[in-house]
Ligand SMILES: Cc1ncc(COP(=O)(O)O)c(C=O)c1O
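The chain below stands alone and is given as structure tokens, in the form predicted alone.
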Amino acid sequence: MSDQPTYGPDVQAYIDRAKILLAERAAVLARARTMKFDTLAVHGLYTVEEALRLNQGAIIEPVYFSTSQAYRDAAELEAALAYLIPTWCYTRIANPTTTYLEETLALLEGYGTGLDTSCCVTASGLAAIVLATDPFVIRPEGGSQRVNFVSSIQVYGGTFQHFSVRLMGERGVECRWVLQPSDIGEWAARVDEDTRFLFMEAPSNPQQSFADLKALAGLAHRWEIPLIVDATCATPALMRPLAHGADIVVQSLTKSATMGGSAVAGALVSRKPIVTKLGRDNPLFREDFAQYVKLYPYRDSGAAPSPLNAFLVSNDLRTLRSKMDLVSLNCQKVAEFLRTHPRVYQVDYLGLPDHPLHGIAGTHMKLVDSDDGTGNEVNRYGHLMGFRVDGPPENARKVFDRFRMIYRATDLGRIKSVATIPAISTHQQQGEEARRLADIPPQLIRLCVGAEHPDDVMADLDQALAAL
């Protein structure tokens, strides 16, 4: 006897109608994939036809503030809650405004790759990291108890905290730290049969570490495990890790994607399918990981963003490419200025030719749909940099406290320039030894250069450094 439920003719009528709508949506998606990056960022999958049919002709996607969806009858309710038809039954699970954003991000991360992609938008970037990694380290009953994963130690402080305290300390899942992420051999030495995934942040915050993502993905796939990449600081305007073999990309949309600083959100984007030896009891786990997360862990954890935040991110995202181009150019000029400053002993910026990872970063970080005049895309290295102030740690504090225009905050990726001292802020909880291993000295000031004229940013830095 089959365990599959049977549905009456009324429910089947809704299923048949949904198939027609999904076919129409597939046609819209196929048309969108012929468009350029900027067009996708502006429109996503929201069409003139949809605006006229569903949204009173609104040319901008509306904000659906309602908590839940009403249904025509019991049959539609049953079909919806069985996931047999598209639905946004409850905003904790789905919402039209959030869906518009998810469709756009899936298109942007998959742009130019030829891959099918899907997206789950979350309430924050850290929520995206948790939802992208936790499903892989659940110990199945009767399975191996020696579960581990391998990660670069040069990651955002919140990521380090989740991996070291939540997973290792509280759940006994071993995190094997890679100290030199550009050394693929070090990664290979830490992988074994019980490894569930590899995790890389590129470029890392704040150290600017990087790795050959194609080689890293190749290593992961030889062990039948996924490569997960946090590409928050690059955004799909400068790098799309899926194109280099990554399986899952996470973003803090709070940062560069929402440069105006108006919303907190995150995103998980996966290729279809991902490489994993897990999930045999649920094919969706492998075939459409982002959708699996959305239907199960996301639904149960309550990690949904508010519709207003999703709307604010969508609006800021429309000009992502041009803004990332501008702030990257500005940051390049500021990094070159600081590189020759007598009060600065080291500048960490991938755009500097003498940075040890400049070459490998240059093969990955390119402004999408740009042209250097010879048909090649131009390199852009983002808005994030660090500089190390000469002398004792107190000197970094003196410089930091003298900023007049640059904001002192733990934020990054803003339209306004923002700075922090990671050792006493974003990475404080790691502890001194872990910061030493991750190359985060107390003399390091992290700077995210905004859209101001770079001369004014440099003038503020110069007057602050003159305090020494």
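The first residue of the shown sequence is 1; numbering continues from there. In this text the structure is predicted, and so the values were computed from the model without any measurement.
Quick note: we don't show the form predicted together with the ligand, though the next part is all about it.
Taking Pro181, Pro307, Gly351, Gly125 one by one, only a single residue has any non-hydrogen atom within 4.5 Å of the ligand in the predicted complex, and it is Gly125. With the partner omitted here, the residue from Met200, Leu105, Ile129, Ala237 that has a non-hydrogen atom within 4.5 angstroms of the ligand in the predicted complex is Ile129. Across the options 318-326, 335-343, 279-287, 229-237, residues that bring heavy atoms within 4.5 Å of the ligand in the predicted complex belong to 229-237. The candidate spot formed by Asn205, Ser252 and Lys255 is fully in contact with the ligand in the predicted complex: every one of the three has a heavy atom within 4.5 Å. In the predicted complex, none of the heavy atoms of Ala423 sits within 4.5 Å of a heavy atom of the ligand. The ligand in the predicted complex comes within 4.5 Å of a heavy atom belonging to Val264. For Tyr100, no non-hydrogen atom is located within 4.5 Å of the ligand in the predicted complex, even though that partner is not displayed. Taking non-hydrogen atoms only, Leu40 never approaches the ligand to within 4.5 angstroms in the predicted complex. In the predicted complex, just one residue of 383-414 lies within 4.5 Å of the ligand by at least one heavy atom: Leu412.
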